[in-house]
Every structure is written in structure tokens, then in C-alpha cells.
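The chain below stands alone and is given as C-alpha cells, in the form predicted on its own.
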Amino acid sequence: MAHIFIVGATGGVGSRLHPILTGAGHSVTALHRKPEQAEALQKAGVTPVEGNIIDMDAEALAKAMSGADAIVFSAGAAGAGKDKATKIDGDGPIKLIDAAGQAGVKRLYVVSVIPDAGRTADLGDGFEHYMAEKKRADVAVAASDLDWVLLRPGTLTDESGSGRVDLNRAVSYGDVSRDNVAAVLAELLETPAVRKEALELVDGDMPVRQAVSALERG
């Protein structure tokens, strides 16, 4: 069983991911900002580590992830402004690359965004900045020597997960439930042979395990 370090474990995807991982027997350590979040994480079988990725440097993050086999970054600024988008969506994964090197962790999974997002709507400068920061982080992750996966979901929804997806290096743009994103992340963590890949994800017709297995077979 693996030890997974999650940044964003209390968010929409992360809060769905950690129960899958602990249910499968993995140990999970979660970075959380608010002191009151620790108790709920502990009750869920997760080891909480209080900290804010905005303020933490790579050395502090390396200490927090000590002993981990893989890192999942599923945090996001969630429309909180350009400054936080820069520090969370852009700088966050880049700090984790450095921290992973210090901690000896080789596997990094980053929840990014499908490039088609918002292309048909005028969502303003803030959204364009968010997209640019996501791209900046993606470029840094892809250039690293880690065993990385960039998971780029379509428009996230809170619909119940069907367990069926369209997952590939390029897919047609659409919606995807947060449940399905979490399920795909969990399956990717179980499939380390899928690495150094940028993958797009929307709801679809293929069972999650089959979709990931198809990537493993190349």
C-alpha cells in the first residue's frame, strides 16, 4: 500500500479522493489551512498537517510530505482573484516539484484544466489569468524529472459519479463530475506505469478502470 500526500484534500475533488484511497488501504496525509479541518480529516482516517501552500516554502512542504510515495495537487484559488491564482494554481505545483526532490518523492499528480475551458465565453481577465497560471504550472511539471501526470478535467460538476469517463490525451470538451475525477485519480495512483502524461477527462461511456488500463497498454 502507498502513502499519498494531498494538497487540496478538503476541496471538491480532494474530499472525494481521500475516502477512496483510505478505503483501499492506502495511508493519506493531507495539508489543510484551517485548524478546525483537522478533526474531520482524522475521523476520515487521514493524517492532517496544518499549513498553507501560499505561505509554505519547498523545505516546509518537503517536511510535510516526508515518507510519501506520491503527491496529489488538487487545490485551486476558486475565483479568489489573480494574486491567489498566481500563488496557488501557478506557484503551488512548482513548489511541489522542488519539495518532491528534497523529500525523495518521485510521483506527482496535478489536477489542471482542459485547455478548451471557457473558450466560447467571455469570462474576463481573472479567468484568463487563471488559465495562464495553470499552463505555467503544467509546463514546469512536464519539464521536471518526476513521474508526473497532468489530469485536465472539463467543466466540474457535483453530479453523482457514473464511474464512466472519456479519458485520453485529447478528448472532446464537456462536463465531468468531481466524483469521476476523484475515481480517475485513485485509479491512476494504482497504475504507476501511466506516467509523464497530460490527460484530458470528461464524463463518458468507459468504466474508469478500463479507461486507465487502456492508457497503460499504450
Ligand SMILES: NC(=O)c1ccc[n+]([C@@H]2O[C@H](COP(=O)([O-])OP(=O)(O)OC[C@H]3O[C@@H](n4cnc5c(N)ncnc54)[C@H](OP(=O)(O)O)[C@@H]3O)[C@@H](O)[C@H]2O)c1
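Everything numeric in this text was worked out from a predicted model, so none of it was measured. Residues carry their position along the shown sequence, with the first being 1.
Missing here is the form predicted together with the named molecule; even so, the following discussion is about that form.
Contact between G204 and the named molecule in the model of the complex is not found at the 4.5 Å heavy atom cutoff. The named molecule is not shown here, and in the model of the complex it never comes within 4.5 Å of any heavy atom of A137. Contact annotation: G51 falls within 4.5 Å of the named molecule in the model of the complex, judged by heavy atom distances. The named molecule in the model of the complex is approached by L156, whose closest heavy atom lies within 4.5 angstroms of it. A heavy atom within 4.5 Å of the named molecule in the model of the complex is found for exactly one of S27, Q37, N168, S162: Q37.
Contact with the named molecule in the model of the complex, judged as any non-hydrogen atom within 4.5 angstroms, is confined among 40 to 48, 186 to 194, 147 to 155, 64 to 72 to 147 to 155. At a distance of at most 4.5 angstroms from the named molecule in the model of the complex, none of the three residues F5, K106 and L199 contributes a non-hydrogen atom.
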